[in-house]
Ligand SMILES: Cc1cc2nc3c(=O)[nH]c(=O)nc-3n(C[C@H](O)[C@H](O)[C@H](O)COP(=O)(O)O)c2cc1C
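Given as structure tokens, the chain that follows is alone and in the form predicted alone.
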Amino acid sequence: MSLKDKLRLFVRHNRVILFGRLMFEALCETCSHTKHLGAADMLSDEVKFAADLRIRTHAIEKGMSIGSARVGFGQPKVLALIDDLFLFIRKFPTASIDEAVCVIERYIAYNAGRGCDMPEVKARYEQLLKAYKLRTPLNVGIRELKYSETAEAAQASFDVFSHSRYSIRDFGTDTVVDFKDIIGAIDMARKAPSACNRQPARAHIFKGEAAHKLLDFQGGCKGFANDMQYALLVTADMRQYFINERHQMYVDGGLFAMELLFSLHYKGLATIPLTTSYKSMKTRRMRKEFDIPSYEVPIMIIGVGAFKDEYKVAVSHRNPVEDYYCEHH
């Protein structure tokens, strides 16, 4: 081996040099994040402000889809959302807030049907309607489904199958999930693509109290966590990637996670994907508390349980297909 080749290998594999290269890449990435992430100048950027409103709007919609949703839940959050919708339409008068308006309308009707009138929310909502003319009434809120129909759709052609999967927050508790179905779904998900067939993904299976401890740590499924029987922590092994691929593990792990969600749905299991987008200290705590190797990056948690015969889901309105692509010639 020539001196030049030895030097190239040294530069490529030396930890100190790798640290310096990563610091430079991190600095470049930090500059881009500082400019473009939603936290920066949110109130003066229509896309960033709209994203924040959509997240908060969907939180209301999700709340209605929980099996044991508390009557009258979330009133302070709804009032705060309405205040910010007023601000949004003042700043961006041509923008649409149809989805948020329709969700709040369904929220009021949902609680009124359960004996909670909420006069303050109704008054502020009516003021919003005077300031903003609804352009397109949307089908939002919650949808009532039957498992018999879901099970049939899960065996149908892919266009029907893929549209039949919803994130579930209204789990059944009378049926025990068969562990073999969990393993069978993971077996099916092995076909998920990964860069150069590296197959970095792993599913850490938590059951019973261990699952509830992990779900409690995640923190985003209060009110229905105890109805889930398994929690699958999907991770990806960062040892298989190099400096120019430092985000590829999230792509490959995410592909596996989506394949796993579809596989579990095919097996007739109710699921919900839960984020593991934590700051570094919480990620360290997760690794320590749940015995996750330091070289594995958390991708997501998938809560798994049984379906009810009849259950409700958040509609989760989707933008038109034109918003999902851009042609280049």
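Each residue number is its position in the shown sequence, starting from 1. Being a predicted model, the structure only gives us computed values, none of them experimental.
Not pictured, yet referred to below: the form predicted in complex with the ligand.
Q) If you check in the model of the complex, do R202, Y250 and L255 all have a non-hydrogen atom within 4.5 Å of the ligand? A) The answer is no; none of R202, Y250 and L255 reaches the ligand.
**Q.** Candidate stretches 108 to 116, 140 to 148, 187 to 195, 165 to 173, one within 4.5 Å of the ligand in the model of the complex by heavy atom
**A.** That would be stretch 165 to 173.
Q. Should R12 be counted as a contact of the ligand in the model of the complex, where contact means heavy atoms within 4.5 Å?
A. Contact check for R12: no, nothing within 4.5 Å of the ligand in the model of the complex.
Q. Heavy atoms within 4.5 Å of the ligand in the model of the complex: does Q229 have any?
A. Close contact is absent here: in the model of the complex, Q229 is far from the ligand, nothing within 4.5 Å, heavy atoms only.
Q) Quick one: does P273 come within 4.5 Å of the ligand in the model of the complex, counting heavy atoms only? A) P273: yes, in contact with the ligand in the model of the complex.
(Q) Would you classify M64 as touching the ligand in the model of the complex, given a 4.5 Å non-hydrogen atom cut-off? (A) Judged by the heavy-atom cut-off of 4.5 Å, M64 is well away from the ligand in the model of the complex.
Q: Report the residue, out of H58, K48, R287, K267, that has at least one non-hydrogen atom within 4.5 angstroms of the ligand in the model of the complex.
A: Checked against the cut-off, the match is H58.
(Q) Going by heavy atom distances of 4.5 angstroms or less, which of M300, A69, V297, L53 would be at the interface with the ligand in the model of the complex? (A) For this set of options, the contacting one is M300.
Q: Scan 202 to 229 and write down, in order along the chain, each residue with a heavy atom lying within 4.5 Å of the ligand in the model of the complex.
A: Heavy-atom contacts to the ligand in the model of the complex: Q218, G220, F224.
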